[in-house]
Structure formats: structure tokens, C-alpha cells
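Listed next as C-alpha cells: two forms of one protein chain, kept apart as structure 1 and structure 2.
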Structure 1
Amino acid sequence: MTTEQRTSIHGQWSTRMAFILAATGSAVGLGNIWKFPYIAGENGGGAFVLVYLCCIAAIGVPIMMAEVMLGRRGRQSPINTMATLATEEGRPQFWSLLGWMGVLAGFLILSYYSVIAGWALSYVFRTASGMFVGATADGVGSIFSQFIASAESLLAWHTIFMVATMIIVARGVQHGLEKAVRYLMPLLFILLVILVFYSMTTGYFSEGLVFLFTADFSKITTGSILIAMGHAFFTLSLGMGAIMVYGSYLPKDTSIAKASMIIASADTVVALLAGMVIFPIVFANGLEPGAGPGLIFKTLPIAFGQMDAGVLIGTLFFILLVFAAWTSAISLIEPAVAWLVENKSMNRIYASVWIGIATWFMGIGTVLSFNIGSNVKWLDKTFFDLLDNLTANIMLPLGGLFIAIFAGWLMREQSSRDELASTEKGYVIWQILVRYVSPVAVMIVFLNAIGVF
């Protein structure tokens, strides 16, 4: 079969816009609104943000293009796509291991992602109940601490989120996702803009901006550069096959370069807006920018408690955040589900349920790491911290590195040219980035972080 005739057994996006929406849905999630502000806060702000932005442009966009391209050419789950392309390009079969590492990374990420999404879900109801109206920063902080101290509550919300994810994945990712993203993402964006206006009224807006956008390089360490790079992968959903599997449902006539740039820009704007909302609130209330994973839950409710129509806006905000998390969660298990359907002739329903149950079990570790097991540490990190580090800072960049090497060096130029169908200039720029810039940058950051130089 030629690559022209190859189609995915899982279906295809109805329009090119559907792909952009689905991939944006995957990219925009807890990574932008929950994770970006707290890691920026922990790593000193501006300089970290600058490194992150450079990583998005120089590593993220070219690797996203490579991932979509491989997916569209292979038209299967990442494991089988890599196996097929390796054969076609005359490379060893072990390239399918890249797909396997992605499946493992997706499973591990979803196990904690679902727990945090559960927090957001519970905050829908907390905000709606009016419990934050007029609350002080201390009050909001202690509500959060009490909440995460209860393993039972965290487990319950994690369970609800996981079940919801399983149901959608079982139905097939193409159904309904497009509409959810088309209407809900712009709404989330509007709410963030409203919140930025609120932050302007705190009197600490400029402090927030200075923190986010003035680069003080004395605050940056090799460790924080690794975190910034890891987050570029995480926030764009790269390095584990999620974008590859979405690419496998992409019609042939879509421009991969344009789509990738739209997705990366939308993702970056959402993250920066979230930062512009959070930090003024942090400084206005004398909170710590480095407060860790609870940061948005300790800051946003203060705003919702003070602003006009805060209950409504706050409730809507957390609903949309849960939706954003949901459209991301789906993409984390799609590679594994697609593989089970292809190779084990399982139907989508069984495949989703099995993977969902396994992920749910794994999530218990994260649930406990915030309460009963918060003192169980290894290398001074809790279970959640270890998982997050292992996946975002090691597995995803490693996956991205191999994707870049395969797409840039091992695939015949004719194949990638054919698939990308860019202008000559566009192609050459991509080739330089994916051959030299991205892999070298990833390797330097890695070697640096483990102390080689």
C-alpha cells in the first residue's frame, strides 16, 4: 500500500479545523493554567518564562510538526506507526519502542493529571456554594489544605474524572470533541481576560508583570532550565505520541506547519494569561509565588470571593478548566487505546475501560502523596513529584529527541518533504531546527542537568 492510500481504521477528522481544535484541546489544559504558574513561581519567574518561550519556539514547534507528520504518514497508533515507518525507511524495528515509551508516559501522566483535574472538579462545587465569598487569603488557603488532607475526597473526585474520561474515549475521540473545544476554549479564554482585568484592580498588576517578564538570570539553575524545557513538551502534549495519534486522523491536504504554529500560539497565550491573572493576586495578598501545586487553588478563589458576580464567574471558570483538562486527558490514553484496538482486536469500549482502571489505580499513589503519604519521599520528592519529574522532565524530552532524530535524520528527505509539502524555504528551516537545534538543545539540557558539564 502506498502512503497515499493509507487511512486510519479509527476514522479521520471531518475537517482540518477539527484537527486544530482537537490538538489545541489536547495542548491547552491543566498544564497551562495549573502547572505553568506554579512552576514559574517556584523557579523565580521571568528568566524561567523566557527559557520556556524559547523552548516552545525552537524545540516545541519543530517537534510538533515532526510528530504530526509521522502520525499522518503512518496512520496508526504510535507503536504501529513507528514500526511501519521504520520498515518503510529501512530502519530497525526497535523504533516502535518509541511508541511504547509514549504509552507508558501517557499512562503515568494521566494517573496524576486525573487527580489534579479532580481538584478542579471539586472547586466547581465549592465556588458555586459561595464558600469563598469574602474569604481572606488565609481562609482560602486553609480550605485548600483541609481539602487535600482528605484522601477520601481526592480519591472520589479522581474517580469521577477518570470515569468521565473513559466514557469519552470509549465513544471515539472524534465525536463531540470538536464542538466542546470550538465553543468552550474561546469561553475559557474570555474568562481569563476578565480575570486579567480583575488582577489589574488589585493594585499589584505591575508587580505581577515584572515577576513574569523581567528576566533575572541569577535565579535560573540547570534544574530550572530542564523544568522549562520539560514543560514545553508537556504543555504542547509532545513526546509521547498524543499529537502523533491525532495526526494519524488528519486529512492529507492540511498544512502541518500552519496548524502547529496556531496550536502552539494558542497554548502559549493561555499560559501567559494565566500567569498574568495569578501573580498580581499572589503579591496583593502577600502569598508565596513558590507555593507549589496548590497555587491556583489558593489564589483564584480570593478573586472569585471579591469580584462582582464572582460566584458565577468562578464556577464557570472551574467548569471550563475541567473541560480543558478532559480534552487533554483523552489524548493521553488515545495512543494506548488505538494500539489495543489495532493489535488485540479489542473494541474501544473494553480498551478504554481497561486502561482507565489501570490508570485509576496508579492515581492512588498521587492521591496519597498529598496527605497520608506526604512524608514518604525518595530523593526528597513525594510520589507525585517523582512521577511529574520522570514524565515531564525525562520521558517527554527523550521521546521528543528520538522523534526529531527519526524525522530529521533517519527518514528519507523525500518522505518528509512529501508529507510536509512546505515551501522550499519553510522546509529548510524546519529541517535545520529538527536536525540540529531541537536535538542538540535537548541533549545539552539533559547533560547539564545530570551534571556532565
Structure 2
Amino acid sequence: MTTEQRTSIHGQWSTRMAFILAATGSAVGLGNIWKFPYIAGENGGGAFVLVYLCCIAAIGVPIMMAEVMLGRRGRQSPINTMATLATEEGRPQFWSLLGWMGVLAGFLILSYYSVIAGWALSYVFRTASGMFVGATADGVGSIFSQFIASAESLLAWHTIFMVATMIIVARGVQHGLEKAVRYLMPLLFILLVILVFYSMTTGYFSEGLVFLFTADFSKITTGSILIAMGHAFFTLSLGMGAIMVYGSYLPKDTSIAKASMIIASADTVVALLAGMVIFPIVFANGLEPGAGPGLIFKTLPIAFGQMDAGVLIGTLFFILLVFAAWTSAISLIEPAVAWLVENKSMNRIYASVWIGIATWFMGIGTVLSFNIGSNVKWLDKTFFDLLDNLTANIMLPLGGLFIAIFAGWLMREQSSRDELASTEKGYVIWQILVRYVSPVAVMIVFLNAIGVF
């Protein structure tokens, strides 16, 4: 079968915009809402944003183009795609391990991501009920501590989130994934814009913009650059099979380069808008902007409990978090579901249930990491910390590195030219970046993450 004749048995996106919304949904997650604004503010504001944008252009977009290209050329799950392409390009079959690593990384990430997303889902209802109205810092901290100390509560919200994710994925590409992102992504942007307008009324909007965008190049260090490089890679969901499997559903006439640049731009815009929402609220209430992940569940609820219309604004904020988590979750489970459908003769419903149950069981380890199992450690890390470190610091960088090597060095030039369908200048720039710049940058990030330097 030629690549022109090859089609995905799972269907394909009805339009380019459907793919862009889905891939952007995969990229936009919990990290965009709190991590990017926080690290930007702490590492030079506008100066860091400039460094980050350069990293997106030199590392993120080229590897995203490569991953989408591999997916569309193979038209299968990442595992089968890499096996097929290795054969076609005359390369050893062990390259299918790249697909296995991506699928496994997505599975492991979702197992703990679902637990954290369950926290956000719980806080939608907690905030809407007025639980934080008039609460002190100690009160809000106590609410959070009691919540994560209850394994039963965490398990219940983890279960609800996983079931919701499985239902969407079970419905297929156009009826499930596409319909979900067609509504969730526009709603996410609308919620962000509404919250930005609210932040403008706090009286501290300008302080928030100064914190986020003032270029302080004195704060740009080697560490800052490494943080920008790492976040540029991880924020686009690269190396976990999600972008590759979404690429396998991409129509042939869609420009991979244009779509990748739009996705990267949208992902960055969401992160910046989130900063414009969070920091004016933080400054207006005299809170600590450097609270990291605690900002969401320990710090912002104090502000929501004290501000006018705080119940409404707080509820909208946590709904926004849930939407961001949900669009990422469906992309994380899809590669494994696609493989079961292709290799085990399952329909999508059964495949989604099996993978969903397996992910749910794995998530129990993360649930227990925050309460009765918090003292159970390996290498001085809880189960949750181990999974997070293994995936974020080892599996994803290696996946991105090998994607760049295969697409840039091992695929025949005619194969990549055929898929990218770019101008001569555009193709040469992509080839230089994916062959030389991206692999070196990802390797530096990887070595830094594992403590080599």
C-alpha cells in the first residue's frame, strides 16, 4: 500500500481547524494556567518570554512538525506507525520502541494527571458552594490539607474525571474527540477572556502586566534558558504519542508547518492570558506570586473568598482548569486506545474501557502518595514523584530526541518533503533545526534534568 492510499481506520479530522483545536487542547493543560506565568515572572518577565518564544521556534515547532509528519505518513497508532515507517525507510524494527515509549509515557502521565485534574473538578463545586467565602489563609490551607488527606475523596474525583475522559474517547475521532474540542477549546478561550476583563477591574492589572512582561535581562541566567527550553518542549505535548496519533488523523492537504505554528502560538497565548488573569488577582489581595502549584489550591481560593463576585469568578477559574485538563487527557489516552483497536480487534468502546480502567488503577498509586502512602518512598520519592520524574525528565525528552533523529536523519528526504510540502527555503530551515538545533537543545535539557550538570 502506498502512502497516498493509506488511511486511518479510526477516521480523520473533518477540517484543519479541528486538528488545530485538538492539538492545541492537547498542548494546553494545567501547566499553562499556573506554571508558565510563574516561571516567566520569576525569570525576567518579558526577557524570559522572548527567550521562551525563541525556544518554541527552534525546538518545539520543528519537533512538532516531525511528530505530526510521522503520524500522518503512518496513519496508525504511534507503535504501528513507527514499525511501518521503519520498514518503509529501510531502518531496524527497534524503532517501533519509540512508539511504545510514547504510548507508555502518555498512559503514565494520565494516571497522575487525572488525580490532579480531579482536584480542580472538586474545587469547582467547593468554590461554587461558597466554601471559601471569608476564609482565612489557615482556613483555606486546612481545607486543602483535609481534602488530599482523604484517599476516598481523591479516588472519587479521579474516578469521575477518568470516566468522563473515557466516554469522549470511546465515541471516536469525529463524534468524540472532534466534538469535544470543538466546544471545549472555544469555551476555554472565552472563559480566559472573561477572567482577563475581570482582572482589569481589580486595580492591579498594570502591576500584573509589569510582573509578567517587563524585560529584566539581569534575571536571565543559564538556568533561566534551560527552564525556557524545557518548558518549550514539554508544553507542546511532544514525545508522548498524542501529537503523533492526532497527526495520523490529519487530511493530506493540510499544511503541517502552518498548523504547527498556529498550535504553538495558541498555546503561548493561553499561557500569557492566564498570567494576565492570575497576577492582578494575586497582587490585589496581597498574596505571594511565587507560590507555584500551591497558587491554585492554597492561595487563589483566599482571594476568591474575599473579592466581590468571588464565588462566580472562582468557579469560572476552576472550570477553566478542568477544561484545560480534559482536552489534554483525551489526547493522552488516545494512542493506547488506537493501538488496541488496531492490534486486538477491539471496538473503540471496549478499548477505551480497558485503557481507562488500567489508567484508573495506576492512578490509585498517586492518590495514596498524598495520604496513607506518603511515607512509602523509592529513591526518596513518592509514587507520584517517581512517575512525574520518569515521564517529564526522562521519557519525554528521549522521545522528542528520537523523533528528531528519525525524521531528520533516517527518513529519506523525499519522504519528508512529500509530507511537509514546504517551500525549498522552509524545508531547509526545518531540516537544519530538526537535525542539529533541536536534538542538541533537547539533550541539554535532558542532561540538566537528570542532574548531569
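Structure 1 provides the reference sequence; residues are numbered from 1 along it. Note that the rigid core is defined as the largest set of C-alphas that superpose within 1.5 Å between two forms. Since we're looking at a predicted model, the values are computed, not measured.
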task = Sort out for me whether 1 or 2 is the form predicted together with tryptophan.
result = 1
task = Verify the C-alpha shift of S345 between structure 1 and structure 2: is it 2 Å or more after superposing the core?
result = no
request  = Determine whether the C-alpha of C54 shifts by 2 Å or more between structure 1 and structure 2 once the rigid core is superposed.
outcome  = yes
query = Is there a C-alpha shift of 2 Å or more at F406 between structure 1 and structure 2 once the rigid core is superposed?
reply = no
key: F234: CA movement between structure 1 and structure 2 [superposed on rigid core, Å]   = 3.1
message = Rigid core superposed: how many angstrom does the CA of V196 shift between structure 1 and structure 2?
response = 5.1
